[in-house]
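Here you get one chain, nothing else, as structure tokens; it is the form predicted on its own.
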């Protein structure tokens, strides 16, 4: 029996560590100022989010999401014992694309050195924080139906360039960090029905679309982008907006239901699962999901305290973080659940 399996994992985060104490002194170029720019502090951020620090790209480097994705992709390819030339598909998940179009996957393809007339298929998906699980479902279907045999799935984000470093924007600004995670997915012959990717399920509810959004480009407007940078009411459209309470409640509810559905449809118990890896949006959300879904707390893995919310990258980045620490081992079975803007959500069960 051929099943889709994760053949390799990789991740990457920039070197710059931005602590909660430093964050309040940053300006819009994320430079440290002598005077405080945002009314917040370490205690306020940790109490509401669990975040202690995050990673940022250098503010003068020109780093894009495809650059972070490239580092993660190379690590995943090495872990899989394969080369970029063997890929026949790239799936790139991000909410911070290099440019509006074309999609970021083609930029990554070129940086991997596998572009040209015989280049592999490239997909960009925009499911924000749910991107990795959505991409995993796509890759699973592609492999099992024989459409593609070796797929690179990447989640990568550069958030630091598009945040509002003022008190007005702090509820969103304190959450996000830069980073990338990647997986190589391909076929594996096995007689074990619990090997590889066992279960994926994705859903969305467009009624929540405007509860977490970034409206800087709006196709219905002419011109598409116009604002007075000195007018705080107008320039607000270039920053992410969030209805925090509604996002929190919907995230907890849908992640709990999704976890329960995954366990039921896969016919598994928590004795069959080694680790629970939720999307890293807010530690308080994850703690609530563990409580209401009755997940053994010792099986829950979180990295938001180290990296903040890296959106499409959080799941592979968290798994790889604990692999490097020696906690997650080859053959471990993971249940991951995600929730993001859209609203979008889903769960997956797979072995690493």
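The structure displayed is predicted, hence computed values, not measured ones. Positions refer to the first chain, counted from 1.
The protein also exists as the form predicted in complex with a small molecule; that form is not presented, and the subsequent description refers to it.
A.B. asks: Please check if residue 339 has a heavy atom lying within 4.5 Å of any heavy atom of the small molecule in the predicted complex.
C.D. replies: Yes, contact at 4.5 Å.
A.B. asks: In the predicted complex, does residue 170 come within 4.5 Å of the small molecule, counting heavy atoms only?
C.D. replies: Residue 170 belongs to the contact set for the small molecule.
A.B. asks: Evaluate residue 318 for contact with the small molecule in the predicted complex, applying a 4.5 angstroms cut-off between non-hydrogen atoms, and reply yes or no.
C.D. replies: Residue-level check for residue 318: no, no contact with the small molecule.
A.B. asks: With the partner left out of view, is residue 290 within 4.5 angstroms of the small molecule in the predicted complex by any non-hydrogen atom?
C.D. replies: Contact with the small molecule, no.
A.B. asks: Sort through 323-331, 282-290, 60-68, 29-37 and report the only stretch with a non-hydrogen atom within 4.5 Å of the small molecule in the predicted complex.
C.D. replies: One stretch meets the cut-off, namely 282-290.
A.B. asks: Could you check which residue among 153, 76, 277, 212 gets a heavy atom within 4.5 Å of the small molecule in the predicted complex?
C.D. replies: Of the candidates 153, 76, 277, 212, 212 is the one lying within 4.5 Å of the small molecule in the predicted complex.
A.B. asks: Taking the small molecule in the predicted complex as the reference, which of 184, 175, 143, 91 has a non-hydrogen atom within 4.5 Å?
C.D. replies: Residue within 4.5 Å of the partner: 175.
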